[in-house]
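As a starting point, one isolated chain is supplied in structure tokens, in the form predicted on its own.
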Amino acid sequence: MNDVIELLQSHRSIRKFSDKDIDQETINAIVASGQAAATSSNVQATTVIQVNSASDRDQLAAFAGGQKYVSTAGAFLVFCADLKRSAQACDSQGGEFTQGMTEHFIIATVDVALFAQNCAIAAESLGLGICYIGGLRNKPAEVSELLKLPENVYPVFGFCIGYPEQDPEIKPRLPLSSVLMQDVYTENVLQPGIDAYDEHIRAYYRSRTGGKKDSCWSEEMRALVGKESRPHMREFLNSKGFTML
């Protein structure tokens, strides 16, 4: 073990921040760390929008379902999958951008995730806390309009950064034996791992909430994947040029 591994394994989502400002040099260093992440074929398909306007942040908080820490964090970033830049480069060389390819969409979305996770690690190494805001996809068209996102660019998630004003417990993860498999996918390890994790996460929720929350991972998955989830995203992505050919 070393300090980097210890930092990675101590991640918590922070949803309560102090009012201490984050200087722009720090934000720049965090985003530059994101740029250093792996990127498929050097496409570099991530654009980050730092939202400074208080009124815009309040709107984004509302779009995300009333997550007030979007407004109160020291800084708020929106991570966008961006194929406009590479399309423009292609066109400048006499090519013609092939729009709507599923592989291009995957490349751009994976690039954003890798970029953002580097930013998260960089921020946490400086004593800052972060929280991803996938709730922006509740209202992706409205977010796009507010941020003036062009065709071939879509908002993947938001990202709160700030100095923590809470110290939550680390949320347990699935057993490593359920995640790390050797040579082939081993289905018979799934249910024992899920059962063990359900007990562990239920105890965690009871401890964290003083007994107010009594739930397990399987119940949460039933609520999440047992129904439609943001079905509007397909039509929205089509409208932005991500037609998945």
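Residue numbers run from 1 along the displayed sequence. Computed from a predicted structure; not experimentally measured.
What comes next is about the form predicted in complex with a further copy of the same chain, which does not appear here.
- Contact check for residue 114: a heavy atom falls within 4.5 Å of a further copy of the same chain in the predicted bound form.
- Although the partner is absent here, residue 19 is not a contact residue: none of its heavy atoms lies within 4.5 angstroms of a further copy of the same chain in the predicted bound form.
- Put simply, residue 209 is far from a further copy of the same chain in the predicted bound form: not one heavy atom of it is within 4.5 Å.
- In the predicted bound form, a further copy of the same chain sits within 4.5 Å of a heavy atom belonging to residue 156.
- Residues from 1-17 that approach a further copy of the same chain in the predicted bound form with a non-hydrogen atom closer than or equal to 4.5 Å are 1, 2, 4, 5, 7, 8, 9, 11, in the order they occur in the chain.
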